[in-house]
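So here's one chain in two forms, each on its own in structure tokens, numbered structure 1 and structure 2.
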Structure 1
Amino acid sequence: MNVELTERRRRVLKTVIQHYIDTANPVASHELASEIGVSSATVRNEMSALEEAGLLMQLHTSAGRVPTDMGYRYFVENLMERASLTAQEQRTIKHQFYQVRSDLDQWIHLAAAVLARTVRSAALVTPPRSYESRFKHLELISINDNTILLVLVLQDSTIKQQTLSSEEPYTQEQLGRIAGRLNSLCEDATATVVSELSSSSASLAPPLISLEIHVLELVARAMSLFEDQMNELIHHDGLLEMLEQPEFMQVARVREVLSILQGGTMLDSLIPQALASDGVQVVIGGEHGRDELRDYSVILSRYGVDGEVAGVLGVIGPRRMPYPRSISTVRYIANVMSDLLTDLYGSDTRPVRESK
């Protein structure tokens, strides 16, 4: 990355980007003259040089300058100052999370809602998941004579329900005993272990009855399915907030962003990457050759508890995005979520958290 910029050029670049982020209008030289303390002609010369360097560009000859992907990148890495949330904002957010602290389902909803409203663009959150599914508990509940509801709880508190039909009727007591036996058999087992159990059932004393085998098969399948289903579980919010941005004046843009969020082409690639890295990831425009993201920027962070569970949260918006604030917000919410999860999983471990 070009670091051979004079101090003044860095200042011009920074100011241009800040103005553009604020106003969504290409920035003219005279807008900066007083701010930089030189004449507009001098600013023009500097801008020329920055354009030469690939950091700024013009939409047409008589327009002001807008940042390029590279320009934004330079800004994010070298120029911008951290913009933490105010103490008041932090208190409000903490308080909201405190109110739903016992309601696991609400966490991701709240995280997405807070992100969206704080940065005024779309937010996405995946639920916290173990690196590998581990069995925690199962329950068999009689629905009617030949239907049983299987409720499966995994180590990461994921809950999955399924029905299964049985030839012969079972009483709730019988089902309770069966569930008890399977629970002790499967304690902490991974998907493969459960799967093996169900196939080598004859070697156990007493051998498993057919219902038990059937249940184990379902459990094994549900557990291994989880690893793929990540995409379906991405929760998002804030479409409405994002539509307020001027870049969404044309419906085509709205369609684009909807298919990115729903189709998940980008999530297939960006989320695993965020899951594998520490800290906040910023993808500006089509940086990594992802053409469908050409006009968008994505800010993602992993959250969770090291070695236990992890999820990803972040925002997606137009390239012209308030990076300092967005990055701070994503980082803050990720920390809050990590703290919440740390309270749940092992007080002996520490949250995934970037050093201040």
Structure 2
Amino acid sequence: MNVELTERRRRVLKTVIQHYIDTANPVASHELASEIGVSSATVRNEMSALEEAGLLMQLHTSAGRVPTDMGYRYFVENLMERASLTAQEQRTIKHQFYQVRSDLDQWIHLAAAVLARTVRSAALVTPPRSYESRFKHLELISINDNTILLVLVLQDSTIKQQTLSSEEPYTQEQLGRIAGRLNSLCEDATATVVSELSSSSASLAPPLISLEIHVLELVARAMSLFEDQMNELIHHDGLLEMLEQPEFMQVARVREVLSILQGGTMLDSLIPQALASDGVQVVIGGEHGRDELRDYSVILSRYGVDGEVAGVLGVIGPRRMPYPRSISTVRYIANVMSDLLTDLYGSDTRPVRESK
């Protein structure tokens, strides 16, 4: 962020943001004078300069200042001290996960609950999944002369079944040969590759027959749909914690929060971004690009095992969020979840870690 500030203005900005996070009330110059060690008039001048720089704003004349999105961004990138959970908090969290270490579904619920209670905001966790769904093998089973059962198995052991009709009858022996050829063509393929195979059948030797093309089209569609469905699965917790914040005392804001958490679609673009990124991602207010999220900050991190599976976890709350504690908690829980999945997938795998 390209804003040059004097040391005193940095200190004023940091103190204003910390006071506002703690109290949710606009900060007046006289509140900071003794803490900064200068007169109220000097603090007022520095606040005016920070307002001109777009880092602070006044909600109305004679009111104290509050941070802007740009101010929060400057704080997160330049002023915030990196915090860590206490050793006792870390031990407690690890013990909670140890108690449910054999149940992946419980990990997801526990991660959301721990995030919500620790940060006092709403939390969200997506289940770990393959980076892309990948083909493992398929079977074609004759039900009767013109009806076939397609059984598709993906690399993460997900099984999809679908019946299809054929214009001509096929014996089980014929279906076995067709399945064998398609398994050879699609080994470890993504949905995109399977789709390309179905549309370029004429270039293969021998060319695909109509049944083979139809099966590949169904497989590509099933794999793409599975990826979309996995992206939409978001477990959330902490609604009550979020509603305790003064920003959410109005009924309209409660409805807004419910729409964000339960609808899921407002966060659709953030999940893929987090999956493709390293470390903790902080998105503040208007940076979302969506008007519905202008009053919220979202902190997300990818977790999982490199090359195997990954999910996303994080918190959503008002822009007046305790960023140091929120970021450290998201980072720590992501590392715990990555370690659990590493144990599940074997010692030769590498957990997702934040870049230092």
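Here the rigid core means the biggest group of C-alpha atoms that line up within 1.5 Å when the two forms are laid on top of each other. Structure 1 provides the reference sequence; residues are numbered from 1 along it. Keep in mind that this is a model prediction, so the values were computed, not measured.
Of the two forms shown, the one predicted alone is structure 2, not structure 1. After superposing the rigid core, the C-alpha of Q174 moves by 2 Å or more between structure 1 and structure 2. In the core-superposed comparison between structure 1 and structure 2, S195 has its Cα shifted by at least 2 Å. Once you line up the core between structure 1 and structure 2, the Cα of L185 ends up 2 Å or more from where it was. Taking the core as reference, the C-alpha deviation of L154 between structure 1 and structure 2 is 6.1 Å. Taking the rigid core as reference, the CA displacement of L204 between structure 1 and structure 2 comes to 19.5 Å.
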